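Read on for two forms of one protein chain; each stands alone as structure tokens, with the labels structure 1 and structure 2.
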Structure 1
């Protein structure tokens, strides 16, 4: 970051001396006011619930312009990456700052592919869970347990350990997600197959069985790969901030990523596409497409308590750039599988049509977001709704690792320690005991 030829002056109406604060600028995006010495100079903290106006770090990984509807990974527009690159190319970019050349691409793909198996003891650990456990509960445990199985790469301050842990996590997450799915439905685990692509291998581990050879559908393979790319990173969101905060204590990379998985599970974050499909299924049960208009009227009524899931976004005040890409993929998948007339998908299309044309939703910029379309695509592929967030965690793992590595390498990083505005009782004494 660079010091801007400008400063912020904080003045007080009670006559206290004013304070000059330095202003720093990045390459693009808003400048920041440096308040690190504010407490020492004034005895006061800032108050910013949810950190909505606070830059907690400097980062060179992902940039979002919510007003323009722009998302850049290392400077590259998401539209170009999703069209011209695959997920492992994107992983290389996020981890290293540049897209791989031909040799680097070959080596990186081979390196990840050769680490997709997990320690055989992991399946015995998995058997300790109930069969009907939520996959995210299982996945949180499995990822955290990796530090017990791969304890030769748990020193977060050792660059080589972090590199090995990064490859292991990226390579093994599809295997762990597929294992948790197979365990829940009582089918045997499918070992990874190294001649398949990252997405193709995952599809086979999910839906193949030892009974017959599994043929990867290239349309579904590309759709899943695009889902992974679109979810690979998204700046300083709740789960990424969790990984950074957890990692700032010096804990091992596996534990930090497990914390990210746990945070992502929340319905306001990674669980949004699961909530979206549950909403569609509720509408379908209550009358289907004939009741869409009635449902949307309830959404408009603030007193109804009915929420429209999969529309609008906390950051994007314009169209989510990932949603347009996912919409294309959604149409391709539905056409490939002959599901254009599936009642639930027709219902989703009608919901989309109303949201894009109705002045109430258009004026509030409640456009369909990536969760809306990715949920539809995953259901069409055959992924159960309660595993949607697990797919999200699989994709986001590389972003978490890149952010964690960047933080460790930042000379300004410190253990996270937010402050508070205390509103409890002031000091008081315990009453003397009655005799």
Structure 2
């Protein structure tokens, strides 16, 4: 970051001395006012719950222009990556800053492929869960448990450990997600197959059985790989900020990623795809498109607590570019499976049409986000609703790691420790014990 020819002067009406604050600029996007010395100079904190106006770090990984609806991974537009690259190319890009050349691509694919198995002991963790445990509860446990197996890559300050842990996590997440699914349906786990692609291997671990050869459907394989690309990283969202804050204590990468999995689970964040599909199924069950108007009235009634899941975004005040690509992928998969008339897809498109013409949504700049169509395409592929967020976590693991490694590699980083505006009781004494 570089000092720009501008400064912010904070003045106080109560006569306190004003404070000059430096302004820094990046390469694109908003400048920042450096307030690191504010408390020392004024004895006051800034106040920004939800971090609406706060940059927590400098980063060179992902850039979002919410007004334009633009998303760049290391400068490359998501539309181009989703069209010309695969997920492992995107992982290499996010981790290293550049797309791989042919040799790097071959080596990276081989490295990930050769780390897809998990320690045989991992399966015994699952046995402690009820069969109907939510996969995200299982995954949060399994990812954290990885730190118990890889003592040779838990020192977050060792670049070689960070590199190995990154490969292990990217490689093993599909295996762990598939295991949590198989455990839930009482089927045997499927071991990874090194001759399959990353997405193809995941499809086989999910839907294959030891009883017969599993044929990977190339359209579904490509669709799933694109879904992984679309979810790979997204700047300083809630789960990435969680991973950064967790990792800032120096804990091991597996524990920090487990914290990200736990945060992503929430319906306001990665859990929105599951909540969105359930919302669509509820509307469908209660009358479908004919009932959309009634549902939208509920959404617009503040007291209902009902939100149009899969809509709205803290940063995008225009169409989420991932939602457009997800809708295209939806079309491709439904065509391939002969489900063009999927009622939920038709319902979702009708909901989108109504919302984009409705003053409530237009005035609040609410557009479909990545979660609006992702559930429909995952459901068509055969992924159960309660596993949608697990797929999101699988895909976002590389983003979390890239952001964590960027933070640890930043000589300026410190343990994250926000302050507060205290509104509780001033000092008081415990009443003397009654005689």
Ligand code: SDX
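Positions refer to the first chain, counted from 1. On a predicted model such as this, the values are computed, not experimentally measured, just so you know. Heads up, when I say rigid core I mean the largest set of C-alphas that superpose within 1.5 Å between the two forms.
Comparing the two isolated copies of the chain, the first one is the form predicted on its own. In a rigid-core overlay of the protein, residue 305 has its C-alpha displaced by at least 2 Å between structure 1 and structure 2. Superposition of the core reveals a Cα shift of less than 2 Å for residue 146 between structure 1 and structure 2. With the core held fixed between structure 1 and structure 2, residue 109 has its Cα displaced by under 2 Å. The two forms line up on their rigid core, and residue 352 then has its Cα shifted by 3.1 Å between structure 1 and structure 2.
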